[in-house]
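Take a look at this single chain, the form predicted on its own, given in C-alpha cells.
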C-alpha cells in the first residue's frame, strides 16, 4: 500500500488494528534494500484483516515525516489503533519486522 499526506490520517491514524509504515526516499540506498522486504511482508500477511503494510515517501509527504520526527531513513513505525507502538531505524530483515508485527497483532 502507498501512504500519502492525503490518505495517512484515514489509513493509519484513524485505523483500527495494526499498520506498519516504511518511511523511505527514492534516493536512499538502504531504503531500496528495504523495498523487497516490505513487499514480501505485504504478500505474506495479505490474509490478515487487521493488518496493513505500506510505504510513505518522505520527500512527497514531508508534513507526515515531520510529525513523526523522522530523522533517518529507512524508518519503520508500527501503529496500533492509530498510535505508534514500535519503531526501527535502518535496514531490518523480514524476520525482524514480522516479529515486531506479531507482538502487536
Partner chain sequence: MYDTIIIGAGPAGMTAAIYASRREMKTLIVGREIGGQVVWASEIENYPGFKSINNFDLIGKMQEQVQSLGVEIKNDEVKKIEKTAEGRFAVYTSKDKYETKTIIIAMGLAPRRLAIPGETELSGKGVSYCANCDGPLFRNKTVAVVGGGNAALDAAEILSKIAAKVLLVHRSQEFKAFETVVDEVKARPNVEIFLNSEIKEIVGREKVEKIKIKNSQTDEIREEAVDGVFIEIGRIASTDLVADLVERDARNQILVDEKCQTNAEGIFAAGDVTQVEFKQITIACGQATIAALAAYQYLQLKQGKAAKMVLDRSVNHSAPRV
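A quick note: this is a predicted structure, and the numbers were derived from the prediction, not measured. Numbering follows the first chain given and starts at 1.
Heads up, the form predicted in complex with the partner chain isn't pictured, but that's what we're talking about next.
- For residue 69, a non-hydrogen atom is located within 4.5 Å of the partner chain in the predicted complex, even though that partner is not displayed.
- In the predicted complex, the partner chain sits within 4.5 Å of a heavy atom of residue 96.
- Looking at residue 58, you'd find a heavy atom of it within 4.5 angstroms of the partner chain in the predicted complex.
- Remark: residue 32 counts among the residues lining the partner chain in the predicted complex, judged by a heavy atom distance of 4.5 Å or less.
- The three marked residues, 21, 78 and 100, fail to reach the partner chain in the predicted complex, with no heavy atom of any inside 4.5 Å.
- Checking 51, 41, 73, 64 for any heavy atom within 4.5 Å of the partner chain in the predicted complex turns up a single hit: 73.
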